[in-house]
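One chain comes next, on its own, written as structure tokens: the form predicted alone.
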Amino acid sequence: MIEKMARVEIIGLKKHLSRLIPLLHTSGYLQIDDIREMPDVMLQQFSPTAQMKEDREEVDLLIANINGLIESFSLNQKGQIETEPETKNEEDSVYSIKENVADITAQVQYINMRKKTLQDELISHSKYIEILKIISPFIPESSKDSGNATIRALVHSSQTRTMALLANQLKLLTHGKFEMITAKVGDETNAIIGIFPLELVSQVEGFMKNEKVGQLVLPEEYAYLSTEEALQHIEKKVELNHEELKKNDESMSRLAKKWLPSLKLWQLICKDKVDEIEVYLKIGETDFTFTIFGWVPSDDIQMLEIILKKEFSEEISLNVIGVPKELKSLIPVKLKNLEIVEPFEHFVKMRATPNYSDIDPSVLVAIFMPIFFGMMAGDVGYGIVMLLIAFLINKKVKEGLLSDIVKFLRLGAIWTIVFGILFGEYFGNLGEKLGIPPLWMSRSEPDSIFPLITMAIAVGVSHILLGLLIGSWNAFIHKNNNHLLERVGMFVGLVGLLFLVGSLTNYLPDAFRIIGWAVLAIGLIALAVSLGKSGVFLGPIEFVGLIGSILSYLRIAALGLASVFLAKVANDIGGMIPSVVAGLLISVLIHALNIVMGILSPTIQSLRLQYVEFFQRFYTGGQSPYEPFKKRVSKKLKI
């Protein structure tokens, strides 16, 4: 049902605001109106102080840092179960959060910088390994002499001859002590290796520099090692880098596991802080006082008064004020239903939030939607499997839309079992083979087609008549004569049509035929009048559309028949295959497919019948939901 709301104003001295705002935020009873959007209030908007603006910038920056850490840690926590927050202090100050975030950020930055360094080393070292492995077999024994040095260069194939000339000059320079080897590294690249006495290093390097020959320079720690020694050391370094990278990832994963839950908590605390800063812009002020306007559920006003009186005594005034006509459409809507109905509130809100002065259709949806589901699925075996599925999912999912769907599935499964008993269906026609008779009718029998169609139409007529009754009552309450006449005209016309059909099929005496025509005519006339000048043409069209809506309920029978015959096919095919194991496997697969379809299709179609056929008769919705000024992370107030 829709809770009664009261419009209130809170008035006090501005010096109390810094204590009042957090108190209202923690209590979570008041939805605060923005004074800039209120046509009946002439007050100056509160002007935030410079400190408030600085606080807002600081918190925004902190949230951005937290978001970055959460994004980074979430990648490392993929598929892992999160632990409890390192700290559960819901009153953490922005300062303490800032210190913790800075410390975590420093650790993450160090890990990431080290990771980048190791990755860069791996990339460069892999290139050295590739080249050194190619040239290593060509290195002469003389390179291993402790008195010799080695110089390496990579040159284009077209420069090989030039290098040979340079080698001759180097031999002259070193008095014949320079030895050069050439090895092909790539399609167009050659490696040049030169061996010469150590005392000639400066001369050779100077000559190479003057001739603009680019040397293959190894990292400093390997520069004066032989090719084989350099290769061994670099390969070892690569191995160590991989090990360190693995430990680096493990460190990040441990850090994520430790701090990710706390970061998500701090994120909410910081967002709460932003809400408290932003709410000042919704408040009206004079030189010394403030005024807050908003909405509170009537049942909660006394509790809010107690909280304010305990904290401020008589220094803060809470008053219930009238609701002007221009604000009637802005009254927020809060739904309050039994726990079994609450999941269906979300189905209603998916269509639209109810209007404040209308009825809450959540209870009606909670009644009809599972029943329609059960009428379509209608199998004891399938219902039991659906109950098990709902139970297993419910253990994993505790809230949100999926949780509401699971709760609906649980009720739908119960009705599936009920109608399965009525139809005598136990995994299709297995009940029939086991000698379990239906309590009402067997949908698999040809003679049941007409009763099924009759049942579906009867359900549609009853459902739509109820919708028209509710629509008539809503129109009466809102004093909307045209809508009242339209709904009453449809209702009366439909009743007249029922009398007429009943008499023509001999379910009612012949006297009802004349009554039926008369009542149908009265309904059509009322419907035509409600539609104005074009009602003569539009009235009958609207009434035909109403009949089409009733025929739409035939999907209840159609989906039920499709399900039972697919189940029968599964059983028959299973019995036809010689191999018992293969037959059982195929039968189970078809039944599994049928169960999946039996969950999806009845859910969609039963919801469609509520939205399109039922709600169309009385429900508009579109009002704003009640959104109190409430902390995302809250503690209980001591009263």
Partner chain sequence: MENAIIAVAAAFSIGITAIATSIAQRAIGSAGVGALAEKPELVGSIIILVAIPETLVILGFAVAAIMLMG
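Positions refer to the first chain, counted from 1. This is a predicted model, so every value here is computed, not measured.
The form predicted in complex with its partner chain is left out here; the points below concern that form.
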So in the model of the complex, are 344, 405 and 596 all sitting within 4.5 Å of its partner chain, heavy atoms only? no
Examine residue 608 and determine whether its closest non-hydrogen atom to its partner chain in the model of the complex is within 4.5 angstroms. yes
Partner contact for residue 483 in the model of the complex: its partner chain, 4.5 angstroms, heavy atom: no
Is residue 453 close enough to touch its partner chain in the model of the complex, meaning at least one heavy atom pair within 4.5 Å? yes
4.5 Å heavy atom contact, residue 449 to its partner chain in the model of the complex: yes
Which residue, 463, 351, 568, 171, is the contact with its partner chain in the model of the complex, using a 4.5 Å heavy atom cutoff? 351
Picking from 115, 513, 555, 237, the single residue whose non-hydrogen atoms come within 4.5 angstroms of its partner chain in the model of the complex is 555
Heavy atom contact within 4.5 Å of its partner chain in the model of the complex, the stretch among 53-61, 586-594, 28-36, 599-607: 599-607
